[in-house]
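One chain comes next, on its own, written out as structure tokens in the form predicted alone.
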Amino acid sequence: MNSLRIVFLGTGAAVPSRDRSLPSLAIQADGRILLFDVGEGAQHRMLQAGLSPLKVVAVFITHLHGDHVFGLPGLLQTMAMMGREEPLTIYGPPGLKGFVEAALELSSRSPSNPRFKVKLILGEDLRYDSEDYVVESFPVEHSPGSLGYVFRERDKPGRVNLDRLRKLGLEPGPYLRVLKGGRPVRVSGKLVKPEDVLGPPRRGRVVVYTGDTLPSERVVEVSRGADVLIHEATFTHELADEAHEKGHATAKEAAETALEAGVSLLILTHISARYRDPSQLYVEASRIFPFTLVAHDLMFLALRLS
């Protein structure tokens, strides 16, 4: 997997504003979409971003506050009306079961397309596996049962060392795909092992999404060395008391987390509607952690493989 893109569909908090929809984030990996939270307006933003609901392979919900889940029933209905037959797996805290089942039953979604099945995987210790990456949940400090998620790409084979290849009297060819898969090949009568021509494995890309949370040592732990930390920053630090009362972090606290964890890039999201100009949040965070961005709706970030 070489192509990896993060698309911010909704970057607001609690209520939508003119410029920000409610929380939703897509990670696009080789054409497949993983969706994190589905706030109101997520479908519209997906259309604007050119993301098809039929490409969503899994949905990850952080918690059950309305700004993070009220777009989910509409998304399921759209998938059914588009004729989706591939099952959709939704991960989240246990209370999500009643919400999803009620939405499906009351909207009569199932009879319209009985071949489209929704599978719920609920709990506190969740894991999604694919050939190329894993997504794991971790607890955060917000409402009871709230989760964050870490996307971790599996390590990649090392780069081909052309000097080593030519010392063996070989030229690049289709057999390199086999070597990168970890298997030896016989070329021109010579047995070639992956370690003969490949450099050290390359670490997969890591993206952490906190959802809503107070400052948390657990976030620091799971984010160590991550390529991207997407951390809520609902308020500036002058409103820290209000932030903590509501289970949120400030921009300053998000930056302190990023600094302690040693991440490569911090992206602030879940921005209160009171901040029409997010520069206050950026200045506060960047003074502590210079590699900071403030997300906006439809912002995207392409992550290169090192």
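In this text, residue numbers run from 1 along the sequence as written. These figures come from a predicted structure and were not determined experimentally.
The following text describes the form predicted together with another copy of the chain, which does not appear among the structures shown.
Stretch-level contact check against another copy of the chain in the predicted complex with heavy atoms at 4.5 Å: of 254-262, 234-242, 24-32, 37-45, the positive one is 37-45. Although the partner is absent from this view, G71 contacts another copy of the chain in the predicted complex, with a non-hydrogen atom inside 4.5 angstroms. In the predicted complex, another copy of the chain stays beyond 4.5 Å of every heavy atom belonging to S286. In the predicted complex, another copy of the chain sits within 4.5 Å of a heavy atom of Q77. Not displayed here, another copy of the chain is kept clear of V56 by more than 4.5 Å at the level of heavy atoms in the predicted complex. For the options N161, T89, S107, S130, the residue carrying a heavy atom within 4.5 angstroms of another copy of the chain in the predicted complex is S107. Checked against another copy of the chain in the predicted complex, the candidates G95, G123, G182, G199 yield a single residue with a heavy atom inside 4.5 Å, and that residue is G95.
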